[in-house]
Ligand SMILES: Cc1cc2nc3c(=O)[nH]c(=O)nc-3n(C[C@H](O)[C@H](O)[C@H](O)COP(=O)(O)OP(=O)(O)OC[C@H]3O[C@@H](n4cnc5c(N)ncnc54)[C@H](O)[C@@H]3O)c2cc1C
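Single chain ahead, written as structure tokens, the form predicted on its own.
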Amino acid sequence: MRFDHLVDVLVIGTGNGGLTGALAAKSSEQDRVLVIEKQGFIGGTSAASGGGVWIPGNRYAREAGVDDSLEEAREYLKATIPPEEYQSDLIDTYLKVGPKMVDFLHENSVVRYESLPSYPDYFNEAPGMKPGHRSMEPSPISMDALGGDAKRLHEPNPATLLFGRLAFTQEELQLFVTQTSGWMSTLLKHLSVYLLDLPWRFKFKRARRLTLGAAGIARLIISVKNKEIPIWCSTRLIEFLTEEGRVVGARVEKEGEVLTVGARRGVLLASGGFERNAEMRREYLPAPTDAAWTAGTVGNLGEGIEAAVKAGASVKFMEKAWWCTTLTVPGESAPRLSIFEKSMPGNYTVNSSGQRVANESQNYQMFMRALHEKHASGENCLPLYMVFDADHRRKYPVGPLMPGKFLPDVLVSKSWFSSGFITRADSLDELAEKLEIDKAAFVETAGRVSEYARSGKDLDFGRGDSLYDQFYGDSEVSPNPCLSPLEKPPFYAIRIDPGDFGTCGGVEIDSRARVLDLKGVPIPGLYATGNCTAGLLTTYPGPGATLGPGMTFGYIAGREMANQAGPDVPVAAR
């Protein structure tokens, strides 16, 4: 078979998993590795994410003197992932190789992470749980380090930028949200740096400092560039090319031109999920579902999964997603992930029945699972609202709505009220009428949560009982940092949607990241990682439970291809 372009390894996708795989595949200067990206920007969902990476026993935790073990991590995962979803061989490989992947990046690239000492595993009561240091976040980096690639960096999710301009780390964001001691000085420091950085502000609206997922991708871009690995943007996968049952390359469309790319050692598929594909969502995902609610990148239409299926791949967990409530803010480019708002004391989520759905402070994946179960049982969970009173409005942020003590209602965009994104009322009855939800049930719900706030015990859902619940609570609120009354007018509601930040189903792989066919046999030459594969940590047991496996199996795939003795398929460039 003849090709327009010939490489040793072809990587499809520029998220954390794909770029990690590209670095691992480039073991010498002679290795030819090519990365292609469908969109005009690099980084995909990874760049727009919080950037956390969950790797138990990673080097940064060890340097901090943390006592952890593979056995404890395995015990924790066995206790938190249902048996029918627990993939023993893959999980064992992930736990063993994950720390090696982190070491590889630290020693062979500019990728650097920082351990998160107080960000706990999500299931507080499970054996093997740790209160911190299993998740890492990217070390901040200056955007100008990217040079010309700064303009090719995928835009962040609106929820990750303050005022649409300033980027902060996970720990800094927790300071701001909970308004812990030192939050104001931290904010003013970064704000003053931004305001005084006039040369940069003429180039970009956002600040020079990159954090979270953007910093992680920026560091990977720089590392890939240092290895002289090209990235073709605006290049989409059409289909895989096969010869005698082996994947030997791909047909792609680059800026309107159809080309064939041969891959002598293999192809790594890291193209993301199908969350933006309305038809696939209707076919596979549970109701309620809508592509308009996802915070996943616009390019994730599932073409990689479909191309792999056409090449014979088996798929699994197609009914699952990385669930998270989202906020669709008028005028913003994409839905915001709504993670911390529901955890703040005095903020409660109700459905059209006027009743709470679940523990609002638990991890977002499990909150959404509870929502889907209720909806499937006949209790309508659409529309969904976060409701809070004047005290909460004055003290805490809710999505883009800054605390009222800094941004009173008269300064809030009128379109937020006129569009129905925010609803305000002088009484609970009036709020229920405006929202068209069950008035009696809603008033009864408000009374119940107010009593729970005074007693400190949520008798319905146990909100505030776990360490994770309390992570975004207010330590100055007692007896429960996650509960405050819903009593003081005026009252507010913000529309919230049952969204996601990616899908969890895709092609099946083995412990060597090889794509499996319908008989469970590896398809020669085809590897995969990330959200185009069947999810590994399906209950999202800790912060960064998608990027951790994605990067680990990207690394495994890259090393597999790098260690091949030579070309297995006779190919020649045209």
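Residues carry their position along the shown sequence, with the first being 1. It should be emphasised that the depicted structure is a prediction, and the values quoted were computed from it without experimental measurement.
Below: the form predicted in complex with the ligand, not depicted.
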Which residue among V398, V102, L77, L337 has a heavy atom within 4.5 angstroms of the ligand in the predicted bound form? L337
Interface residue in the predicted bound form among K225, R236, H372, R495, criterion: non-hydrogen atom within 4.5 angstroms of the ligand: R236
Can any non-hydrogen atom of I12 be found within 4.5 angstroms of the ligand in the predicted bound form? yes
Do T20 and the ligand come within 4.5 Å of each other in the predicted bound form, heavy atoms counted? no
Is N58 one of the residues lying within 4.5 Å of the ligand in the predicted bound form, judged by heavy atom distances? no
With heavy atoms only and a cut-off of 4.5 Å, decide whether G299 touches the ligand in the predicted bound form. yes
Looking in the predicted bound form, is the ligand within 4.5 Å of a heavy atom from each of E303, G530 and L547? yes
Stretch in contact in the predicted bound form with the ligand, which is absent here, among 49-57, 26-34, 63-71, 518-526 (heavy atoms within 4.5 Å): 49-57
For the stretch 479-502, which residues lie within 4.5 Å of the ligand in the predicted bound form by non-hydrogen atom distance? F501
